[in-house]
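Just one chain is shown here, as structure tokens, and it is the form predicted alone.
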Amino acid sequence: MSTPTIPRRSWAQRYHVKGIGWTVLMLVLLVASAQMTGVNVGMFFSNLGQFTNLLVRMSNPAWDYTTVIIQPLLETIQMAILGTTIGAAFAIPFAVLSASNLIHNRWLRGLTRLFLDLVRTLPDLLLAAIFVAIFGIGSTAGVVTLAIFSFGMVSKLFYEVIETIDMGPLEALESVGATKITIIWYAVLPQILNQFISYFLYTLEINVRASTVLGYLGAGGIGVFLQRSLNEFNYNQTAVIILATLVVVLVIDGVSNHLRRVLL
């Protein structure tokens, strides 16, 4: 009985030349990028004292300010929910039109994806500035901005999930002459519903944080109060706003994790 031969590793495999080479290349690119963009790493460490000083000034939150920010915080949550829901609703048909396993017309699929790429190209701050100029200062501009942002994000995630579904149920319905809408309703949506809910809640969590920043441009929500506290150097009020936003994000994350355990 012959003894099985153990395959010998090459010199490059024994000394992990490939991994080390990629690591060195990434470090070289990182250093070169820092030099080209004028990033001064030493400045970060030299100004570290100012950062700690800011944290110390925020370490004593003004808890009585909580009653002031409850209403704008609720407005921020409402903006995020409305924007995410509207954007996700519009994303569903566009995601279907972008899926290569459902739409075989390359021109239609390509144009739809091009449109989605254009939507994702626009930064949310630019959209907020445009809609504040159109609708004026208030939550309307924020909701429209978050809806467009959610539309671009969810549509891409959604059609990528659609392209990974099991094609067996679709082929079975096609063989009995089912319409395209029937196939999507009974064979596509049941397979992607759990992932869609997960992506929806993830986008909602992002929009809660984004709506805080959009308030700087007058798009409503708690961001207006955040800007005011920073401009007036009331960092104890800033700490309350940050902690309140953190609580909302943690609640959304908890709900998302619970729904994943229930649905998956």
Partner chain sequence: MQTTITPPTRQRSLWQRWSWLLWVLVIGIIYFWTINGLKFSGFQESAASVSKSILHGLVHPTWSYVYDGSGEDLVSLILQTLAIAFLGTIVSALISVPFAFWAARGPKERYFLRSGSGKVVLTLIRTFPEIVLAIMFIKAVGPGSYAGVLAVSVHSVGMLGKLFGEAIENMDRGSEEAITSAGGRSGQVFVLATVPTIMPEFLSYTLYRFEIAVRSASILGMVGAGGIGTPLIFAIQTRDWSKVGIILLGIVVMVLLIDSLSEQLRKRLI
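Numbering follows the first chain given and starts at 1. Each form is matched to the other, and the largest set of C-alpha atoms that superpose within 1.5 Å is called the rigid core. Note that the structure is predicted; figures quoted are calculated from it, not measured.
FYI, the form predicted together with the partner chain isn't displayed, but the following is about it.
Heavy atoms within 4.5 Å of the partner chain in the predicted bound form: does Trp63 have any?
Trp63: no contact with the partner chain in the predicted bound form.
Does the partner chain get within 4.5 angstroms of any non-hydrogen atom of Phe94 in the predicted bound form?
Phe94 lies outside the contact set for the partner chain.
Hey, in the predicted bound form, does Arg228 get a heavy atom within 4.5 angstroms of the partner chain?
Arg228 lies outside the contact set for the partner chain.
Whether Gln50 contacts the partner chain in the predicted bound form should be assessed with a 4.5 Å heavy atom distance threshold; does it?
Residue-level check for Gln50: yes, a contact with the partner chain.
Thinking of Ile20, Val161 and Ser256 as the candidate spot, does the partner chain come within 4.5 Å of a heavy atom on all of them in the predicted bound form?
Checking in the predicted bound form: none of Ile20, Val161 and Ser256 is within 4.5 Å of the partner chain.
For the stretch 22-50, I need every residue with any heavy atom inside 4.5 Å of the partner chain in the predicted bound form, listed N to C.
Trp22, Met26, Leu29, Leu30, Ser33, Ala34, Met36, Thr37, Gly38, Val39, Asn40, Val41, Met43, Phe44, Asn47, Gln50, in sequence order.
Has the Cα of Ser46 moved 2 Å or more between this form and the one not shown, judged after a core fit?
True for Ser46: a C-alpha shift of 2 Å or more.
Using a superposition on the rigid core, decide whether the Cα position of Leu55 changes by 2 angstroms or more between this form and the one not shown.
Yes; Leu55 is a residue whose C-alpha shifts (by 2 Å or more) between this form and the one not shown when the cores are overlaid.
If the two forms are fitted on the core, does Ser33 show a Cα displacement reaching 2 angstroms between this form and the one not shown?
Comparing the forms between this form and the one not shown, which are aligned on their rigid core, Ser33 does shift its C-alpha by 2 Å or more.
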